[in-house]
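Encoded as structure tokens, the following chain is the form predicted on its own, with no partner shown.
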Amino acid sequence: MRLDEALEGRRSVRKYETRSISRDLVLLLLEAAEMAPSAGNLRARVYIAVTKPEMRKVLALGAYSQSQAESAPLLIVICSDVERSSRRYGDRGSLYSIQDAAAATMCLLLKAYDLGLGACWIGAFDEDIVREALDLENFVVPVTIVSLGWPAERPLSLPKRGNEEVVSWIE
């Protein structure tokens, strides 16, 4: 698949078939996520793959009852490892580890599309609920929850914004 095809074709999928995703495919997704750039090449991020229905339900509640978080056969919670990044970068380490997790999320989403999976980046959630449900260490911060499954919908593309709307030139 060409990168342009993935960039143009990838959409947020919120409806999934009930069939599961094999562990081999999950590992491919996580390998792609780990190819993302990271500050100082520290890869200050942690992944938690969740297939257990009861935990998906708890995480869905933490995600303000977004239905795709419960109905998806797989959730991957991508967290920043603030401690890992802060050892090198001090106070800026927190920001850099969040950027690391966000870059990994995008690579994971593109790989999901490449594999024929549907996925949705969930950024709206109650951090305390997610943190408690997953029993995260204090220095591990949940950044995104990605719902994944075999798509049961094909969302349409949104109209593109023109360059004149999004680009400022300093010449």
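Start at 1 with the first residue shown and count on from there. Small disclaimer: the values here were computed from a predicted structure and weren't measured.
Below: the form predicted together with a small molecule, not depicted.
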The small molecule isn't shown here, but in the predicted complex which of L110, C120, L117, V130 has a heavy atom within 4.5 Å of it? C120
Is it true that Q68, A124 and L158, all three, sit within 4.5 Å of the small molecule in the predicted complex, judged by heavy atoms? yes
Answer with yes or no whether S12 is in contact with the small molecule in the predicted complex, where contact means some heavy atom within 4.5 Å. yes
